[in-house]
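This document starts with one chain, in the form predicted alone, laid out as structure tokens.
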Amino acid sequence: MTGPALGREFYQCPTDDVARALLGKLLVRHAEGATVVMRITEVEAYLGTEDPACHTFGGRRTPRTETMWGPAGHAYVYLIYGLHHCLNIVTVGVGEPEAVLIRGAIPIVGIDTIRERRGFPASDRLLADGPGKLCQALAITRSDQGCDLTAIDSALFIVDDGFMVDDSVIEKSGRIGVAYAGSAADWPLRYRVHSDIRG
């Protein structure tokens, strides 16, 4: 089921295109002696220096955001509210600090592990229906910052198993939790699958 990881060329494309293309792909995680596979159901695109909602808006370059300035296909992981980790995938290429936030996914393999990590027996769709929940389900922390998702021995990568998500089941809307960005919060860069795509 897992197969080879998507190559770097998949991520070296316009960020909005990568965001849409990630829907339905399999997110594979090897950690804590277990393998978990989840199908991606929700994403948001962040468009770099010209995007007021992006961490690199205006050319900001800090130790935290340095990964975003590097090659596409790497994980950019950060904390929100000092509590919850968020997983982003760097896109485009060196010097173009853009990324896709993985906001949600549904379990395909390792459901018992996911339930144990999440700590309660929620329905499958609710186990990772938010970026913090997703990172908890996958045991992703700041230690995964900079992880190369295209590396053959990566503990975190994305696979295309041929599953296709039709446009008819995708909701496109403004982004969540970025009201500070003003009108940019309403840019239609959030993609969410509104039906079961377990596949």
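Don't overthink the numbering: it's just position in the shown sequence, from 1. From a predicted model like this one, the values you see are computed outputs, not experimental measurements.
Quick note: we don't show the form predicted together with the DNA, though the next part is all about it.
When the DNA is considered in the model of the complex, His84 lines it closely, a heavy atom lying within 4.5 Å.
Under a 4.5 angstroms non-hydrogen atom cutoff, the DNA in the model of the complex has Gly177 among its neighbouring residues. Among heavy atoms of Ala53, some come within 4.5 Å of the DNA in the model of the complex. Within 4.5 Å of any heavy atom of the DNA in the model of the complex lies no heavy atom of Thr67. Three-residue candidate spot Gly73, Arg125 and Ile158; no residue lies within 4.5 angstroms of the DNA in the model of the complex by any non-hydrogen atom. Only one of 32-40, 161-169, 147-155, 128-136 lies within 4.5 Å of the DNA in the model of the complex by heavy atoms, and it is 128-136. Of all the residues from 87-102, those having a non-hydrogen atom no more than 4.5 Å from the DNA in the model of the complex are Asn88, Leu101.
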